[in-house]
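First, one chain by itself in structure tokens, the form predicted on its own.
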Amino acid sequence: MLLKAAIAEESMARFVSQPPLRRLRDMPKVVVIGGGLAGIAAALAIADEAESNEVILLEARSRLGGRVSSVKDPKSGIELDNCQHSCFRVYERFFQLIARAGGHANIKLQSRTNLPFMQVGSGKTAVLKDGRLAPPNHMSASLLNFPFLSLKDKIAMRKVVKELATMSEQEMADIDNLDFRSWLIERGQTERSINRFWGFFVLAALNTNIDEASASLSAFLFKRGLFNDPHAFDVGAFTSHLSDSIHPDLHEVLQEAGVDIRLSTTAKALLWKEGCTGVEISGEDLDCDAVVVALPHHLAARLLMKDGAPEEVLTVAELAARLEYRSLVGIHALHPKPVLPDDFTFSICVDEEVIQMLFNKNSELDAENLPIEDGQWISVPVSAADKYLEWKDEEFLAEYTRVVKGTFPETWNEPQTFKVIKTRKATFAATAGCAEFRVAQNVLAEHRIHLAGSWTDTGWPSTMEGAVRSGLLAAAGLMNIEWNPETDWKRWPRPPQRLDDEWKTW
């Protein structure tokens, strides 16, 4: 933390000793590097705020969306999500971005929190859902009847729930160097509650095993998600494959806002002369007044480390390069006949290391977006999947068959398509101590560089919400706008509320 603190202190000292940055409306050109959610949010916010200025968005791929994307199965021709993605009502800035693009029809949201669990072989099922009590006790009734934990487990959990619900930001920051399992054990949590409750949510939301997960980010997850607003953990699903849900509407609204979108274009280097003065792309140098680097942390580090960068920029790049990654595996099985019941949306699989959850894509996708007429599409996300990256498809199929056939033997039929998609660099590793390597979006503002990406210091784990927040924070810093990310981005529509008829119900 000392290195990061020294950078922040030095940067702030220089910043306050100089005249304020010019308002963006005095800047003719901004280049945003990276067309994921962070770069999209930054580019659109800048263009909305200063309509007369030129904003160029560079994206190396042929579609916007970054790691929220689909890949085409070469055998079936079907577009498959790189991994199952869910969103939650607490993703307020993400929903603002979708609403700004008029993409309300692209997402379905639960009308109330409903988190189903099932155990293979035993026939046991349960649902955690919100009730009438005020937070943090709004799930108490369903948790009291939760069959996968004993009364001893639940009694021990009560004190920790209260502590997490009332924890301050500083108290959370102070435990970043601890792993969450150790923190829970210190507070008398049982092994069963750690494995079946605390550990699952950490694994799914942080893409990191509880044994190594930052206690700070884990505490944030429970405080902000499960134990705060009773609506926060309402689950959302996309109504088409990811690229179709993200790219078209956001591409259109960026163009309408005047953003010059350049797809299949890679930023090769930053241009330096008393600060960053532009970006080198193939066959052209783009001169500009400010750059937003909205790339995954290893690519951001590589770009910032190029020749000519000032020492402070190199130090920030070194911090970013020290962040680790965790992988994701997405499994897609298309069955000729339905296996899961019609009312099955998704379920958490208790005590399963590989087949951690089952999603019924038929319940998510609009009818016109289903690739099979009479069958069923089942999706499985495998979080923190590094140890499974060398597995063959046959090994995943064996585990999938054991779990699904073992739970639904009467309706089981072999999948006609079975596809495994591995993403090695899916999210930054939310491990104990990772906060040291997450820098503020505007720490390099004096060099005319602003940073965006879920890996930057948003206070959030690596999520779609964290990515959008980072882009807005970078844009706010570049434009000298004071903005609290806990409040709406004022120029964009408000996020969805329960019973909001502009959004579909799942």
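All residue numbers are counted from 1 along the displayed sequence. Everything numeric here is computed off the predicted structure, so don't read it as measured data.
We do not show the form predicted in complex with a small molecule, though everything after this point is about it.
Within 4.5 Å of the small molecule in the predicted bound form, a heavy atom is found for all three of G66, N82 and T265. Per the 4.5 Å heavy atom criterion, the small molecule in the predicted bound form is contacted by stretch 287-295, the sole one of 222-230, 403-411, 287-295, 106-114.
Proximity to the small molecule in the predicted bound form, defined as a heavy atom within 4.5 Å, holds among F197, F396, F346, Y91 only for Y91. When the small molecule is considered in the predicted bound form, only one residue from V30, I33, A474, A45 comes within 4.5 Å through any heavy atom, namely I33. Mapping the unseen interface onto this chain, A215 falls outside it, with no heavy atom inside 4.5 Å of the small molecule in the predicted bound form. In the predicted bound form, the small molecule sits within 4.5 Å of a heavy atom belonging to T423. Within this chain, S70 is remote from the site of the small molecule in the predicted bound form, having no heavy atom within 4.5 Å. Although the partner is absent here, M357 is not a contact residue: none of its heavy atoms lies within 4.5 angstroms of the small molecule in the predicted bound form.
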